[in-house]
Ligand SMILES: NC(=O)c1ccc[n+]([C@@H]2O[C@H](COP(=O)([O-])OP(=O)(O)OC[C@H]3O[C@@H](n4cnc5c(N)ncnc54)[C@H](O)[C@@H]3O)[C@@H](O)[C@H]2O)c1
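In structure tokens, the next block holds one chain alone, the form predicted on its own.
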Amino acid sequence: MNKIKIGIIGTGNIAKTHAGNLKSIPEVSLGPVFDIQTNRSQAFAQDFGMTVRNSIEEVFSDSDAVYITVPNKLHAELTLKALSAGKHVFCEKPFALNIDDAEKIVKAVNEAGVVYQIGFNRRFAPVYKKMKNFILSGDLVPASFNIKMNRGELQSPPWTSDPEVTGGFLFESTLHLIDMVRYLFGEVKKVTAVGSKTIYPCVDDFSMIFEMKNGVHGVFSSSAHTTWIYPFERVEVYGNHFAIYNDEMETVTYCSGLNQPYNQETFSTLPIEKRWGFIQEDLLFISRLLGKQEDDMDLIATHIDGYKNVELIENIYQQVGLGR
């Protein structure tokens, strides 16, 4: 059987995570790699048995599918080039940094007829799958929610506070749970937002109220200067005398009725690649390339999800009125 040859553009930490996962999948062959810093490409290629290429075009010509794992500001440009070359694409979030680029990518994906997937690993993390399964089964009928997604700082690496690189703080870790709002509760009817530039040059504090089309509503706060106090990430869902919440990707706690004991499941002993959903999203991407219809197809973040998330974030920034 011919293996799927995967090329990788960008050699940061997330690229290493994906390369390690892909190397363990029998149907995959790791092929070309490119990074603008040649020494990084060479070290990466040596670690994962890949071949260094001198341009993204060389990566396209020697691969069936590409992983785009570069800084945020380059995602749209490289995605459009990969789609134009007819390549299947796995791109780390964000999808794009403005609605114009988002529209171009949606059009390009539809015209190219290839497999496209965004790296929203939280969808695959066991803590969030547990929430989703309770909702799908009807055991939990959400009425409201409370979400926080914080960062301790925007200092390491230094460019994380530069909206010219990131697109703004909302396109960093906060975006994962903006996606989770839609994934768990459906489409957004209205979002109301305020924010401030407290410490960093970008907007680094947000308070948001979401009203969903199905009547669910909730509060979402995100701060970029909290210290790394645990947990930096939590989703609480309240339903029909049913409540559930997570502490990062470590535990999920729930109580399924009045006068019922609470239950807690812990995933802290799982490898981080599985606990955070990275291996699951890579396996599903490869299954899609092989034409398989897996049970978890509903977990996929598509180009439509990408577009709607960009649309939401642009709306929030416009309401805050402080730029990015």
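In this text the structure is predicted, and so the values were computed from the model without any measurement. Numbering starts at 1 and runs along the sequence shown.
Just so it is clear, the following notes concern the form predicted together with the ligand, a form of the same protein that is not shown.
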Q: Answer yes or no: in the predicted bound form, does the ligand come within 4.5 Å of a heavy atom in every one of Arg182, Gly239 and Lys274?
A: no
Q: Name the stretch: of 100-108, 213-221, 172-180, 123-131, exactly one has residues whose heavy atoms fall within 4.5 Å of the ligand in the predicted bound form.
A: 172-180
Q. Pick from Gln46, Gln260, Asn263, Gln37: which residue has any heavy atom within 4.5 angstroms of the ligand in the predicted bound form?
A. Gln37
Q: Only one of Gly186, Pro231, Pro71, Gly152 comes within 4.5 Å of the ligand in the predicted bound form by heavy atoms, so just point that one out.
A: Pro71
Q. Given that the partner is absent here, does Thr11 sit within 4.5 Å of the ligand in the predicted bound form, heavy atoms only?
A. yes
Q) Does Phe278 reach the ligand in the predicted bound form, with heavy atoms at most 4.5 Å apart? A) yes
Q: Using the partner position in the predicted bound form, report whether Gly119 sits within 4.5 Å of the ligand, counting heavy atoms only.
A: yes
(Q) Would you classify Lys93 as touching the ligand in the predicted bound form, given a 4.5 Å non-hydrogen atom cut-off? (A) yes
